[in-house]
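The chain below stands alone and is given in structure tokens; this is the form predicted on its own.
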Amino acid sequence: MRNQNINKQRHLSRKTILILLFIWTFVPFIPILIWSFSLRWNYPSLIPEFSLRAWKYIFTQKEIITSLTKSILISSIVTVLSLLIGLPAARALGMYHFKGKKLVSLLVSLPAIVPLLAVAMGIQVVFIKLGLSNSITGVILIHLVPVMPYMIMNLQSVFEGYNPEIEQQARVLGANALITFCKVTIPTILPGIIVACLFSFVVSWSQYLLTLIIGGATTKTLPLLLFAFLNSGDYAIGGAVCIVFVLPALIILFGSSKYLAGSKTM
């Protein structure tokens, strides 16, 4: 009976936490959502005059669709590149002990500590000389700077609890290095990879300052348009663009919720 009461209390606590998280996450978007469907909202009216003008504008403007496509492309490429670079680095940091490991870990985390403006201004000079400024390639490379710490540190924590003996067992049974990696390693750490990719995509997706400094006027992503519409004073279109901006992150979050819930590697 006591155990049942304890389980009920835990279940109630979890539901309470989920409700609070839901309120914390979604309530701030309610005014923005209302604004996106409004024609005008004048004081002291509690309800605006509703209209689909903003949404019609978004889905008919080539510039917005192009910026959305470009943002998805850039964030996806950055996520894949950060995974290819970060996976072996995280494995080394998580599974092996070597001289200077703490220094390497510190260097990996520095991009998340140093102000992005200082980083961008320094790299911009180099990118101008290399011809990478005002280009998608330059934006992708600069996005890797804030993304890599999230990728490596997330995967490092996964490899710290990883059991390499399962790889040795596969090799003993005749699997080569490639098959072992594809059939054993990747499936085992897949939840951690998905979580790391989730963070990496969202960090790249939300970059405004780095994209503005390196991409300039030639690489207009959705965050750049969002700030432009918000500064224009047209809150209806700004609200609609804001909803479109956060939608991919929410879709990824809910799609990966079972992995974020605490799946463990072997």
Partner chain sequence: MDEKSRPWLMLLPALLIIVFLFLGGLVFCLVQSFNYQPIIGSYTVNLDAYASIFTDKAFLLSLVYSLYIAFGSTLLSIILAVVTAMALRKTFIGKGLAVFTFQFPIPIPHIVSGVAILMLFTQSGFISRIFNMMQLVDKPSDFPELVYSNNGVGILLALIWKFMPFIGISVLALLQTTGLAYEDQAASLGANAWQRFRYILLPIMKPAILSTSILTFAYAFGAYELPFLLGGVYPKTLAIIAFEKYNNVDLSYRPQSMAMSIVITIIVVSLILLYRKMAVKNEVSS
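These figures come from a predicted structure and were not determined experimentally. Positions refer to the first chain, counted from 1.
Omitted here: the form predicted in complex with its partner chain. The next part is about that form.
- Taking the partner from the other structure, its partner chain in the model of the complex has no heavy atom within 4.5 Å of any heavy atom of Val172.
- Its partner chain in the model of the complex comes within 4.5 Å of a heavy atom belonging to Lys102.
- Taking non-hydrogen atoms only, Phe181 never approaches its partner chain to within 4.5 angstroms in the model of the complex.
- By the criterion of a heavy atom within 4.5 Å, Ile85 is counted among the residues contacting its partner chain in the model of the complex.
- Checked against its partner chain in the model of the complex, the candidates Gly161, Pro164, Pro187, Pro115 yield a single residue with a heavy atom inside 4.5 Å, and that residue is Pro115.
- Between the options Ile136, Ile72, Ile194, Val145, the residue in contact with its partner chain in the model of the complex by a heavy atom within 4.5 angstroms is Val145.
- Shown without its partner, the chain has Met121, Gly122, Ile123, Gln124, Val125, Val126, Phe127, Leu141, Leu144, Val145, Met148, Ile152 in segment 121 to 152 as residues with a non-hydrogen atom within 4.5 angstroms of its partner chain in the model of the complex.
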